[in-house]
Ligand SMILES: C[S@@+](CC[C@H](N)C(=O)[O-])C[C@H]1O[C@@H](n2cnc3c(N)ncnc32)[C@H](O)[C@@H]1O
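Have a look below at one chain only, the form predicted on its own, in structure tokens format.
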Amino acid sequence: MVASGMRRYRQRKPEHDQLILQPNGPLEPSAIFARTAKLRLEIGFGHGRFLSQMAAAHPEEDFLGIEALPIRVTKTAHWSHKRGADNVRLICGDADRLLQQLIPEQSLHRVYILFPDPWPKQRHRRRRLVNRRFLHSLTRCVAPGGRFIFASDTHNYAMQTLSNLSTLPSGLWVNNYAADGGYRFNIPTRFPTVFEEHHKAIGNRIAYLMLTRTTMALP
């Protein structure tokens, strides 16, 4: 069932289609954006507030977004167009598969995974996106000096993500928040997502991770 506020995003307009990709092979960012620039990726962009605002604030960089729900892709295309963010391209599909098959090696400057589906029940945690295999694919795609930013109000998900990162070869990532125990809580953010705003409003503590990719080669 589609919420009443989302119904208007069922239909795409031509200006929205220009921002939505339907790739059938590996991406070539310089061809997609007709230039060479730093590339950021948000996985699971939801309502698109963060992605469209960040892209509008950084016109000198390019932004990719991956989301599983078509109606959210249309909504984000709408807001990106409205904000003049023509440096955004959106893909609808499974993030795990698309990261492995479409994103070139060492092409990403920043990767954001903000409030992924927490699958809070113990028996469902195997469905969480950020598992060991996913992090291996992510590491392949991030350029040296690039960053991985993760946020969740489900603290054991943040702990699980750190634990999975520790299974990768030592030296691939530097934890920017190592002095704080590996992650920080309730830090101020420039463009809060809809979910972040909601969780902070009801008093939930949000865990943030930030890691920097080193120059070490992935085995």
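From 1 onward, residues are counted along the sequence shown. All values derive from a computational prediction rather than experimental measurement.
The form predicted in complex with the ligand exists for this protein as well; it is not shown, and the discussion that follows is about that form.
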Q | the ligand contact at Ala68 in the model of the complex, heavy atom, 4.5 Å | A | yes
Q) With the cut-off set at 4.5 Å between non-hydrogen atoms, does Ala57 touch the ligand in the model of the complex? A) no
Q: Decide whether Arg72 counts as a contact residue for the ligand in the model of the complex under a heavy atom distance cut-off of 4.5 Å.
A: yes
Q.
I'd like to know if Phe45 sits close to the ligand in the model of the complex, meaning any non-hydrogen atom pair within 4.5 angstroms.
A. yes
**Q.** Heavy atom within 4.5 Å of the ligand in the model of the complex - residue from Ala143, Ile149, Leu129, Leu99
**A.** Leu129
(Q) Please identify the residue among Leu114, Ile103, Val111, Val88 with any heavy atom within 4.5 Å of the ligand in the model of the complex. (A) Leu114
Q | Interface stretch in the model of the complex with the ligand - options 45 to 53, 181 to 189, 167 to 175, 28 to 36, non-hydrogen atom within 4.5 Å | A | 45 to 53
Q | Residues within 4.5 Å of the ligand in the model of the complex, restricted to 75 to 114 and counted by heavy atom | A | Gly93, Asp94, Ala95, Leu114
